[in-house]
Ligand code: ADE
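A single chain, nothing else alongside it, follows as structure tokens in the form predicted on its own.
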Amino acid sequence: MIFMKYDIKNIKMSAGGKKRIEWAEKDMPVLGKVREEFLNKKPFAGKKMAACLHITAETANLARTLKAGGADIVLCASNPLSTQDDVAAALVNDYKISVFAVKGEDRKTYYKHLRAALAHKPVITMDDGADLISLLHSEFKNWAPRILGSMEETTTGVIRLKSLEESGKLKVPIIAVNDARTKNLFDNRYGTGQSTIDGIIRATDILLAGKNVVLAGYGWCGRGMATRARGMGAKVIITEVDEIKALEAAMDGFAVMSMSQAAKIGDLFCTLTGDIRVIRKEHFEVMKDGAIVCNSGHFDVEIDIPALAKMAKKINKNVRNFVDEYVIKTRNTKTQKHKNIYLLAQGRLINLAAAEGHPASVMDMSFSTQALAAAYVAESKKKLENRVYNVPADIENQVAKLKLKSMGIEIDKLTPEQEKYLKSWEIGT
């Protein structure tokens, strides 16, 4: 019997969602250990939580873990296209967790769902992109003093929140989960690398071998995708604005050039920067006929979609699932009057819109770090200041230790002599 308010696509989809959640759970042993700990300690007893995250099977297991710790939790989506509707149904029907998320929801509905999450009056929040916290700072600012802390899951969100802090306008304490080594070194690199390619192939069915694949950004996400695309036979080109990252990409064996140069030769383009209008009109103008463009950054701003739409004399929606065809008049050619550029997933997160997001085994670490950071906030003896904090080192070490154990890996320990040597300044050559 359903006893809570929610807004999902169809609760009758719950059986399939429950199977998906249980399948992901098998590959999330660290989060399972955290759940056992939470069942005993109940760190969130009597506390309301709101989480604005991608509603996936992996997120469902995080929500179950937080509920096991005593949290009264509400979920809403952090992206209009990332919700797995069957998972949302199972969370409501089988796990009695309130969810406000429908795949494909429009902007108005998306913000209605954000407001529903904040209307829950949480004292701890979780964000993936900082939309929830941004709304808290604009429409729900009177509630901000009651927030013990918020966890931020992604690079773009941390950038927004650090900007708030620097301007002196941040009203709540933030734990930058994205900046944890147990998150960005693994989730961003291995998770994004694999799931982005998964989404592209599901949407297009293209062969990567032999293709010129242009990746904008060589952060951890870009590194991960570059490595995997090269492993599948692609000729990978990196574009960057950071001299050090560009140099690193070159020394890793990738071609490095400006987007203006890469636009002329690329077959597939993917943005992974977190910035705005990385691919613009001047780039579309010189792209090949049949070029494919997609984004794996959090917001749909990295590709200048309004400019592309303005250039197009015709837009054919859904020529394949999650593929829109933009027919553009060509310039300076007598043989070809138009060319087609294909935009994937409306420029939104390709790995979650057209695929299933990161594999459960890598989200096991990210969400364990997320859960333990939330417990740290809940159990803090004194109220945290309104600034952006790193995840405590002992949480990171705990997650890494549990993950290694789950993989059956043993590592060495320093001997007393080695510890003494590393702390000494007297012993030299």
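If you're wondering where the values come from, they're calculated on a predicted model, not measured in any experiment. We number the residues from 1 along the sequence you see.
There is another form of this protein, the form predicted together with the ligand, and it is not shown here; the text below is about that form.
Engineer: Within 4.5 Å, heavy atoms only, one stretch in 392 to 400, 377 to 385, 358 to 366, 43 to 51 touches the ligand in the predicted complex. Which?
Structural biologist: Residues of 358 to 366 come within 4.5 Å of the partner.
Engineer: So, in the predicted complex, is L352 in contact with the ligand at a 4.5 angstroms heavy atom limit?
Structural biologist: Yes, contact at 4.5 Å.
Engineer: Just to confirm, N61 within 4.5 Å of the ligand in the predicted complex by heavy atoms?
Structural biologist: The answer is no: N61 has no heavy atom within 4.5 Å of the ligand.
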